[in-house]
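In structure tokens, the next block holds one chain alone, the form predicted on its own.
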């Protein structure tokens, strides 16, 4: 790990709750962070970016470097990618202006397939992945509320951690973000899916309920546990060993979130595309091809697809 904190030019592509929170933390640390923004651009340029938290002091960043295009930003040392998986194809045109000789691409996207997508188009040697175990909501233009957790599991797509992996982790740690360098990015992705598959999924399939309501209902809690065990089984069939104790750990952590609305539920209720294929479809397909039991996950996947079709998207 580097003894001196690196000073990098950093771009954030996908300035929703996740991008603004982690990019804002790095900006507050003093890093040169540029945000690609859409609807919030004028608001943030005038009034700044606010990170609210129930457990930490509110951070209000003024003079935020916000831009309408990646051409305005130019080549960077590090690019944080926090676009929804449903917008993945846009990266083919958004990323090239940001990429220089040594640019690293750190995807913070949910589900499966993000790492492979970037590696195929921009080179596996550039690609890193970060799994964000965090409860966040965007509550107003330029305002992100941090509800609970915040840890990042950070790894390299193409192999074991490199010096840059530890440098990025060092930046996040100095910014007040717990960050753990992991030996297997793929295993960490499945670890997060153990939570995302049941709680993001049941929140939609059960009619628009938050995590507190899921755990207050005996039948939904039973399903959440069964889905978690099934996802662990799929991960193991693919060679990613996860402990059975993860089920109880996730239930305990979820109880501490209170009445949290998962991001997929918010997308569904607000009429935005839901990351159906990245979170549920790929889990089912990869599990089926590995010979694992996928019955409950497939049923949930089909229910969410049907709900999105009825909603109109």
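Since we're looking at a predicted model, the values are computed, not measured. Residue numbers count along the first chain shown, from 1.
The discussion below concerns the form predicted together with another copy of the chain, not included here.
Within 4.5 Å of another copy of the chain in the predicted complex, all of 293, 299 and 309 (non-hydrogen atom): Yes: 293, 299 and 309 each sit within 4.5 Å of another copy of the chain in the predicted complex.
I'd like to check something about residue 72: if you look in the predicted complex, is any of its heavy atoms closer than or equal to 4.5 Å to a heavy atom of another copy of the chain? Close contact is absent here: in the predicted complex, residue 72 is far from another copy of the chain, nothing within 4.5 Å, heavy atoms only.
Check residue 305 for me: does it contact another copy of the chain in the predicted complex (non-hydrogen atoms, 4.5 angstroms)? Close contact exists here: in the predicted complex, residue 305 approaches another copy of the chain to within 4.5 Å, heavy atoms only.
Interface membership of residue 170, another copy of the chain in the predicted complex, 4.5 Å heavy atom rule: Residue-level check for residue 170: no, no contact with another copy of the chain.
Another copy of the chain contact at residue 118 in the predicted complex, heavy atom, 4.5 Å: Contact check for residue 118: no, nothing within 4.5 Å of another copy of the chain in the predicted complex.
Just one of 156-164, 174-182, 202-210, 101-109 has heavy atoms within 4.5 Å of another copy of the chain in the predicted complex; which? Flagged stretch: 202-210.
Quick one: from 226, 147, 124, 186, grab the residue that has a heavy atom within 4.5 Å of another copy of the chain in the predicted complex. None of the other options qualify; the answer is 226.
Going through 13-39, which residues have a heavy atom within 4.5 Å of another copy of the chain in the predicted complex? Please give them in sequence order. Contacts from 13-39: none.
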